[in-house]
Every structure is written in C-alpha cells, then in structure tokens.
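Given next, in structure tokens, is a single chain: the form predicted on its own.
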Amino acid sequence: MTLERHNRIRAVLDRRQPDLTVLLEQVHKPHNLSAILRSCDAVGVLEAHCVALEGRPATFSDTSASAEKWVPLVTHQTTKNAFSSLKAKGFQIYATHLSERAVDYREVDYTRPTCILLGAEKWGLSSEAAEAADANIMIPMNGMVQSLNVSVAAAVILFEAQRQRQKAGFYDNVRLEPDQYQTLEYEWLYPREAEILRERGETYPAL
C-alpha cells in the first residue's frame, strides 16, 4: 500500500456523508444500478439501499467503475422494511414521483438526513411508497418526454444535494464517527485481510 493510495482513501473518507443515501425500489437493470452507485460515490454517499426484485440479487455492469466496492448496497425485502429501517435512523424520504403534491427537486432541504427514493425502470414507484414518503419531488421537463432515465434522475438530484451540502460546509469536516472511520479505512486499505479477520471474528489492528 503506497502512501499516495492511503492519502487518497483518507481524502475520500473525510468527505463521506453518512446521512445522505438513496433507496431504489426494484431498480434491477445492471447498467442503471451501476450508474447510480457511481453517482453516489461521486457525491460522497456512504451506503445505498434497494428493495429486492423477486428475491434476485443486485448485479452490476462495467459502467460502475467498481463503485459497488466503495458504496455498499444494502438490500431490503420490502419497501415497508426499508422505510422502517431508514426512518429509525432519522432519514427524511423524498420520492421522485410526479404527483399533485410534487415539488421542484431544488426546493427541498438536503442538508437534513435525506434518502432519495427512486422507482423501477418501467413502472416507477409503487403508490404506497410515493404516499408514505415525506415529500414527492420532480425534475421539471421542457420537452415531450416527461421523465429521465432513473440513473440520470438520481445523478441530477444527488448533485443538487451535494451543492446544498457544500454550501453548508458539510464537506469541510469529517462526518463519520471515529470507530466507523477506522473500520472503513482498514477495509478499504486491506480488503482481503479484513475479510479474513471478519471470518475469524477478530478485530482489525490499529493503523
């Protein structure tokens, strides 16, 4: 492990946002999943969430640039379970859904603990998920088509969240807890060794 690599990993961890995430409801196409995780990594999302599609595991395409290594994808069996887990952690949930109560995605506050909820490629969000969300948000469209590809929509919204958080100084200070930071630092630096230690039930050595 070179010093340059170690410094790069620390620089990324220094800007990770533990209270910004996405929830993907049955988004299953590998290129979309991969592109969304790549955007998550770019803005500092710590981990992403998804609701499984008929029990199928998530798969990724080459477009991810290995983003799934840096942004774990937590799988939930149902949307209700995902909501319960995220709400218990204090997240507000903004659903990308064109409804009567939808507001411009730039009008909401992403400096609060925020989860951006996106729906499946063909049919979008379930009505239950859209109704249960704290707010519905939309990206204004000026053309004939009324929506963007799910991965593009995710990127547009995530970078607005990044803009708001940068303005508020969220990227200027480390926001991970010390124990969490040290754990991730070791796992990112030494993934094989970390896996062996986990299997043995042993703690990671100090760096």
Ligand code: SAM
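When you see a residue number, it is the position in the sequence shown, counting from 1. Every value quoted in this text rests on a predicted model; they were computed, and no experiment measured them.
What follows is about the form predicted in complex with the ligand, which we do not show.
Stretch-level contact analysis of 177 to 185, 136 to 144, 161 to 169, 42 to 50 against the ligand in the predicted complex, using heavy atoms and a 4.5 Å limit, identifies 136 to 144. Proximity to the ligand in the predicted complex, taken as a non-hydrogen atom within 4.5 angstroms, holds for one residue of Ile93, Val108, Leu73, Ala120, which is Ala120. Proximity to the ligand in the predicted complex holds for none of Ala82, Ala88 and Ala132, with the criterion being a heavy atom within 4.5 Å. Put simply, Ala155 is far from the ligand in the predicted complex: not one heavy atom of it is within 4.5 Å. Mapping the unseen interface onto this chain, Ala67 falls outside it, with no heavy atom inside 4.5 Å of the ligand in the predicted complex.
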